[in-house]
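As structure tokens, the next two blocks hold two forms of the same chain, structure 1 and structure 2.
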Structure 1
Amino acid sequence: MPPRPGLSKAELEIARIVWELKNAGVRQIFEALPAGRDIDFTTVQTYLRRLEEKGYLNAKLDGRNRVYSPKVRPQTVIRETVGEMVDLLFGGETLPLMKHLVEERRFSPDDIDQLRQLLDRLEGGRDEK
């Protein structure tokens, strides 16, 4: 159980933009919103403030602009979010999710190759232990 409150969908959306930009001001984050996402500049400000309050982002001043950066590693947030969804949808079992993804999502031949290599590496690592 993380020592910080969970993230809403909109907060996660903003956080992900910050992860990609690494250091960014409100205007940059606002302009990086997906096409069709028509929220106000002040709304983005609110989400950023909440993310900082919740402990997910750092903020520092650059002149009069606040610049945001990740405080919690994206990998950690992803692990927690995925873990929660696996619990909710699949009772904590990962294999059904993997099967679901393979059956429902599109993969290129290259994707499949990469996945095979991952599985090989996983098995190889297992043997070594």
Structure 2
Amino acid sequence: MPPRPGLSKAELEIARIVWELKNAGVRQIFEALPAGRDIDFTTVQTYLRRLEEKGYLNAKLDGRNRVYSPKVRPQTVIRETVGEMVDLLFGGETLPLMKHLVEERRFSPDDIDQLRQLLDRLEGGRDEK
């Protein structure tokens, strides 16, 4: 299967709403936009059509309304998008991305504990091999 075209920031915003709602018409998606988001109804329709054409959403008619649902799982899109970003910004190397996130973002004590548990689990899996 050829790779899907990437998503713009606005398309990703609309896709996230559809992932959350599961099945929704344009009106529901439009109304789910964050308060103060300056985007009109027809623009939401345009983004939904693009997402369908790019292979991210399914659409079916329910009477006169189109109902959209996810065609691709969010985790798949995250994996593909992060992979593209790692390739583009870090030459395919993941450690520089991790260092950047750790050094530039704020981590709560809970975040640090979860990260430590993940690293311990990964290191433990290495010992079993």
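What you see is a predicted model, and the numbers here were worked out from it, not measured in a lab. Numbers follow structure 1, counted from its first residue as 1. Rigid core (definition): largest C-alpha set, two forms, superposition within 1.5 Å.
Asker: Which of these two chains, shown alone, is the form predicted in complex with another copy of the chain?
Answerer: Of the two forms shown, it is structure 1 that corresponds to the form predicted in complex with another copy of the chain, while structure 2 does not.
Asker: With the core fitted, just quote the Cα shift at Pro34 between structures 1 and 2, in angstrom to one decimal.
Answerer: Comparing the two forms, Pro34 shifts 2.9 Å at C-alpha.
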